[in-house]
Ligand code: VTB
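Below sits a lone chain in structure tokens, taken as the form predicted alone.
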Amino acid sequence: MDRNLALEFVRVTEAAAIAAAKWMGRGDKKAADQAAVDAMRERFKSVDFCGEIIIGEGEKDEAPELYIGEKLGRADCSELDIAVDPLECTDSVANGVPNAMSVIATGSRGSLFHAPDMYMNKIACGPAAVGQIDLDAPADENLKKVAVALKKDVSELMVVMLDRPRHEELKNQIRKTGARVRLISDGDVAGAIAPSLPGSGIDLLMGIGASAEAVLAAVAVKALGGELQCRLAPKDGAQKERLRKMGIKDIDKKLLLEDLAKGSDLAFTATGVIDGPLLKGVRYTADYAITHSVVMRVRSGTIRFIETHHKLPAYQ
């Protein structure tokens, strides 16, 4: 992907983040999400590119904008796969709690896993622990190996997971080893990326989360040199049948980074809405809306953190 195009997408996530931030703490997650979707879709019009949404707001009959299969941009250029989450962590924004951002992941055609709308089992670690995790291994085994790789005691490890009833057993297994658990209400894109960020305080992501978030996170984890393993977790026969119709024959396959995000022609762009482990949220002064964004390119390994001051009232 052209590096200038990757930087252009920052304008798109910035617009979505600013739109969503206006709804922070107001108790209306649907309004926050819709504001982000509208702003992202409108700003895409100003970017000179073409592509197809492969992960978005839902199927065409469910979402009028940024739906799966929607074509964006011009028709006379090579297409991109585009995965978007205009507002990751809608509940966080509605309730005014940490960890929300606007995200875009892009790659050459066919590079991103066309994730169905269902859950996945996940485990992620940072660069220093690559090769030491296994989605199929018991929690204590993963923790012991990661502790050795990071030169830590198991009791010093921090595992992040979504705060969900389904994780009660896993949470207890982790605590029995002496490791610590950090629960998050939403946002396992940032949760999967955090172990690859020096100073995040997070060593591992474990648990079950949405498949779309796994693909978005995979691009960033790949750029940062970490590791992510996943497996689809259909909840019933109908979801299994949907996978078969999509051409996914081996439902139980352990999906690695290369399965989720192929090759190196990949980029990840995000702008913070509320503070999280990756980015600061939107700030306002009398004259400016201040955003904090990141752009990662897998091919070059470049990671750019960008602070932008947007003159008001343009974004009011």
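Quantities reported herein were computed from a predicted structural model and do not represent experimental measurements. Throughout, we count residues from 1 along the sequence that is shown.
Although it is not shown, the form predicted in complex with the ligand is what the next lines describe.
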Contact residue in the predicted bound form, from I123, C89, A115, I202 (heavy atom within 4.5 Å of the ligand): C89
Partner-contacting position among A129, L135, L80, L162 - heavy atom within 4.5 Å of the ligand in the predicted bound form: L162
Residue stretch of 221-229, 208-216, 170-178, 140-148 approaching the ligand in the predicted bound form, non-hydrogen atom distance within 4.5 Å: 208-216
Proximity of G107 to the ligand in the predicted bound form, heavy atoms at 4.5 Å: no
Heavy atom of V189 within 4.5 Å of the ligand in the predicted bound form: yes
Exercise: K152 in contact with the ligand in the predicted bound form, heavy atom 4.5 Å: no
Contact of R182 with the ligand in the predicted bound form (heavy atom, 4.5 Å): no
